[in-house]
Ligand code: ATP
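Below you'll find only one chain, the form predicted on its own, shown as structure tokens.
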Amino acid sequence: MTKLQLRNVSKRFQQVQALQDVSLALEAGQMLAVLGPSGCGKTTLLRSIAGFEFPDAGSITVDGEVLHDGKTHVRPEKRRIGYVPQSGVLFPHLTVAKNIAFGLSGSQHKAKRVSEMLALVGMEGLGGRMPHELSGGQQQRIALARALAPEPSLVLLDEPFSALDAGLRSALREEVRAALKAIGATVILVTHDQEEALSMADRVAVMREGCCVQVADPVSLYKYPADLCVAHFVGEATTLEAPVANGSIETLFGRLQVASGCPRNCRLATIMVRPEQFIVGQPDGQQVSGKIVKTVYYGHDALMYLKTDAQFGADEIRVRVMGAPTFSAGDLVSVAVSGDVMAYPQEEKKEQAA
């Protein structure tokens, strides 16, 4: 069942077009991550859904009810939408329990609901504490519990983990995702963190300059980005230029096949290869060879930077390997490519060059 429907939503602030004809649909129980760089319109989109901004055009519908269009604008407090801002913003003079209970009615219902919410976010027994006695991660949990307490139809999270350190951010987002899934919440998460979006969401919407340029599940978004800008934004990528003929590309790495949906014939295309598609080994004289320039170790994986031999164009390539790398800076290696690759037509570029 469709929970949220946006149709051609636009919003301008003086000379800035913050949103331009944004259309989105979200099914009940799903989490949608809205991903993009600062200034792309993510927060304006969230605030428009919440009712804090008044769109210039378009419509917003939740559970079949029109919240905004050319004739209707439902006030924020009437929308049954939970909103968690970036900093959480708990009431400093109220206890944890009273923060969660804010906006609930009925003393017996309040007590029961507060207890349920504390258990949901793993904060049992801490209802009597004041906000200043909590860590940053605990404050964010309570802010989420407060947003969920009235049983909202939709939950909006505006970069809720950005103020936390990397280790806590990673752990907390897993806990929050589990808590939201446990109650079947429908959620929109705004973030500029690609890892956060891909790891938490069922669907990801990529925004650029006020426009929604692609909506897909995390795997499809990473493997089949709509354009090169999306490809580089959601992960590392190496690009090559080559013609495409009958779905094949002749490159220095041999013949490669283009992915489904790419043009099967193109006079000139930019080819996108992900770092994990490269396979390195001992040089054998039969494959492209290069020299390791440096390696960056991340624990769970490593990124190796290598430069191909001059006879192959002296291109720099980034290769991702699991665990610790078996090659070091200065080592000679062979390089091959595994799997299909994305191809983006560059017909206009060739015509202009001619």
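Predicted model only: the values in this text are computed from it and were never measured. The first residue of the shown sequence is 1; numbering continues from there.
One more form of this protein exists, namely the form predicted in complex with this ligand; it is left out here, but the text below deals with it.
With this ligand left out of view, the stretch that reaches within 4.5 Å of it through heavy atoms in the predicted complex is, among 301-309, 33-41, 284-292, 56-64, 33-41.
Interface residue among K98, R177, K110, H192 relative to this ligand in the predicted complex, by the heavy atom within 4.5 Å criterion: H192. Contact annotation: of the candidates V335, V22, A18, V341, the single residue with a non-hydrogen atom within 4.5 angstroms of this ligand in the predicted complex is A18.
For the chain shown alone, E159 is a contact residue for this ligand in the predicted complex, at least one non-hydrogen atom being within 4.5 angstroms.
At a distance threshold of 4.5 angstroms between non-hydrogen atoms, S199 is out of contact with this ligand in the predicted complex. The closest non-hydrogen atom of Q86 lies within 4.5 Å of this ligand in the predicted complex.
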